[in-house]
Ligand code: BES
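Below sits a lone chain in structure tokens, taken as the form predicted alone.
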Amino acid sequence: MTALTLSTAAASGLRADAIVVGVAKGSASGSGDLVVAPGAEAVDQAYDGKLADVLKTLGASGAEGEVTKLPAPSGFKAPLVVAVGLGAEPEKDASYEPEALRRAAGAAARALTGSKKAAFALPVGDAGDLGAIGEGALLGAYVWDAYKDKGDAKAKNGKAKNGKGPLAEATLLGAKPRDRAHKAALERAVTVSEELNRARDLINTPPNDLNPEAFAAIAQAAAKEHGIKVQVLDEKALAKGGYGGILGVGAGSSSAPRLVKLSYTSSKAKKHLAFVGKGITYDSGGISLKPAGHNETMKCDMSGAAAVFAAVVAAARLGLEVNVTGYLALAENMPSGSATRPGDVLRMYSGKTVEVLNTDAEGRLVLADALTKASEEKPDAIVDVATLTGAMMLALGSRTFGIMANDDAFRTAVHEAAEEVGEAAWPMPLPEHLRKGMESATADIANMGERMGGGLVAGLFLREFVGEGITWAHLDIAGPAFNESGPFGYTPKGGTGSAVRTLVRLAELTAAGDLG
């Protein structure tokens, strides 16, 4: 992964492949003229104060994520200047938003794929800005090439034969390497980014290599490395425990399901959070088979479990003073002679029975068992994460996840945490009238209800399996979990690691006593 360092060196004397500076659309008099952002004063001076004019000649506008490259001025040891757009210049006495800095750093890092070192001279007002830039650089530099031909065993830097390796080192200028807050911001950026990129790797891994057993083994190895207690229930233990939802979904696959419990504990903790992740390592739809054209990216249906896994490990690495338990509900949903059929009734871990009307509504079945299990320890709050419904994508698009909860204040807190870390989210309701659509003449509840509002119906179904009196939120990340279009900002094509940063922030706020 890309190395992240701090430096007080002058931009002109730094040996690097490129110097990254920020530019924006000026706000003075509403002119929209291009302006050079703070942090790049030395670079601008080397162009005799005309860097903005040069960039305008090259077509730069300062638009968010826009990247313009030009030769470095005389006397610089770096041969290249990379100007990245920050969007609109903030009003007088205001600072650039952390998310604008994060996205700009990410766009620049992507543009410098294959480079050894880049120095980032973006606006740094405080440690928060520094962390955002570091996070953006590390996330934007992400490259997924594990299955690319590396060619000769002596290939340098492990670069793919037909591609380029990630930016090797990002040095942040304008920082104070000895400042405690700056060092902490750097360490947090590295930890969160490394774990988020680990989640991306898992999401991008083909399902023939990442089945439930393989995912569980990866979780066990990480738990051992970071002092996290781990428990894995295999198919025999699941059957003995009565986990009918997880077993029912995995019944059609030759790869047996797993339920993984990861427990990070702090001796100073006063609160306990439980995270539950949907981990369908491949979703064919089961007997209710998905139509052609809808199967190719279904390796991403374990993105919720990947996010939970990454968040628990990040909490452990950061040493947060909160207990965090993660549950990974892992199964592969396949059609076969042993698969669950539409019309079958499953007895869940809670004891409730569910009539399966659609085997492609499987995520809520594995989550139901895991939510019941998580409720047994009476945590202060439970948050589940899942690529649950196409309906949520229709409602919110491909970049925003929905938030439902059994407590309005908690839903608001989760939304605010997501906004704070730069993850687009929106609060959604749980209309009581939609519950009636899941009534079943055969079982306690059906796994399907009304078609309209399907994402909300799924949330209502999950609520049935949350322990009484426990605060709960549901994040439907179906839209942003897997980016099928081109990369943007610090977001690559493929697995994104959606919700990891929100979960980590919730853990931090809980540890600080600022979340309920």
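Start at 1 with the first residue shown and count on from there. Just so it is clear, the model here is predicted, and its values are computed rather than measured.
Although it is not shown, the form predicted together with the ligand is what the next lines describe.
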property: Option from 179 to 187, 277 to 285, 313 to 321, 100 to 108 whose residues, in the predicted complex, bring a heavy atom within 4.5 Å of the ligand; result: 277 to 285
property: All of A78, S115 and K117 with a heavy atom within 4.5 Å of the ligand in the predicted complex; result: no
property: 4.5 Å heavy atom contact, M393 and the ligand in the predicted complex; result: yes
property: Contact flag, V354 vs the ligand in the predicted complex, heavy atom cut 4.5 Å; result: no
property: 4.5 Å heavy atom contact, M448 to the ligand in the predicted complex; result: yes
property: The ligand contact at N358 in the predicted complex, heavy atom, 4.5 Å; result: yes
property: Position in contact with the ligand when the complex is considered in the predicted complex, options T171, T191, N406, T389, heavy atoms within 4.5 Å; result: T389
property: Residue among L462, A478, L51, A37 with a heavy atom within 4.5 Å of the ligand in the predicted complex; result: A478
